[in-house]
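The data below hold one chain only, encoded as structure tokens and taken in the form predicted alone.
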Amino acid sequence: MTETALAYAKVNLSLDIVSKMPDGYHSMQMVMQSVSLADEITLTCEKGEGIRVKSELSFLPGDARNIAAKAALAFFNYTAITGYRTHIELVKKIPVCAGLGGGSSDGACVLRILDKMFKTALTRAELEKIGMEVGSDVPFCIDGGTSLAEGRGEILTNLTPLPECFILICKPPFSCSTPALFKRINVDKIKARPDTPGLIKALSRSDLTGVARRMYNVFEDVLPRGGREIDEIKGVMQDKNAIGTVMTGSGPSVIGLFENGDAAQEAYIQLRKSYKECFLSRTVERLGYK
């Protein structure tokens, strides 16, 4: 049995850290959006044992350390399906360690493929539950679209879809450590936060400009390095008429929202002169899981 599907990247329109929980994790409040930049996953199951992952990126693990393999193992454990050797082939388009949820999206896509392949008819809630065992962003990536994610990312509320627009993504050539950023955050001393209620209201009115004006990420204020470069990328996007810019996730990728395709293309061309990992994408709506 073989199935192929796309694993869509996610971006943060906003990211706020509400509190630190007793278990040491942080309680988040994020508005997240799926975009058309995607990995391609081909999954083959046949009689046998074991889970392997293949990718053109030599530094990605091919065993249980890979989130795609973790997702497959979690699926088989949950459904008690046994006796299948699973081969997962990844065609990576989403940059790694970029704040774009590439690994989480791969894991969610594997769960969707296996649910279809084995006709298990799992509900969205069940798939999200399995996904939470794999990674905090996996539950959102199960169905995608536009959502408010709270807690560690597992408490999801569907929002009015972001109006269609062009989303330019640019990743500078360095990575940000998510654990290191969390260590630099003092929740009680965060001075600037996104206007999450206002952003949600703007979405409900399909007010793209209102959304763009309220995009904010608290991690931008504690970057140990690269802050100036992120500001420079934002500046190029704004000079080319982006209506809003923000760093996504724990970075370092920056996104810009554009109403005009020509303006987005001009910004893309300009940024590509300095940054290899630049992508022009569109919004993707929910996949429709119940």
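So that there is no doubt, residue numbering starts at 1 and follows the sequence shown. All values reported here derive from a predicted model rather than from experimental measurement.
The same protein also exists as the form predicted in complex with cytidine-5'-monophosphate (C5P); that form is not shown, yet it is the one meant from here on.
At the 4.5 Å threshold, heavy atoms of Arg124 stay clear of cytidine-5'-monophosphate (C5P) in the predicted bound form, well away from it.
Interface residue remark: Phe182 is counted as part of the site for cytidine-5'-monophosphate (C5P) in the predicted bound form, having a heavy atom within 4.5 Å. Mapping the unseen interface onto this chain, Gly24 counts among the residues with a heavy atom inside 4.5 Å of cytidine-5'-monophosphate (C5P) in the predicted bound form. Remark: Thr160 does not count among the residues lining cytidine-5'-monophosphate (C5P) in the predicted bound form, judged by a heavy atom distance of 4.5 Å or less. Contact with cytidine-5'-monophosphate (C5P), judged by heavy atoms within 4.5 Å in the predicted bound form, is confined among 252-260, 49-57, 24-32, 236-244 to 24-32. A heavy atom within 4.5 Å of cytidine-5'-monophosphate (C5P) in the predicted bound form is found for one listed residue only; from Asn77, Thr120, Thr178, Ser204, this is Thr178.
Checked against cytidine-5'-monophosphate (C5P) in the predicted bound form, the residues Arg152, Lys129, Lys92, His87 give one hit for a heavy atom within 4.5 Å, which is Arg152. Of all the residues from 128-150, those having a non-hydrogen atom no more than 4.5 Å from cytidine-5'-monophosphate (C5P) in the predicted bound form are Gly135, Ser136.
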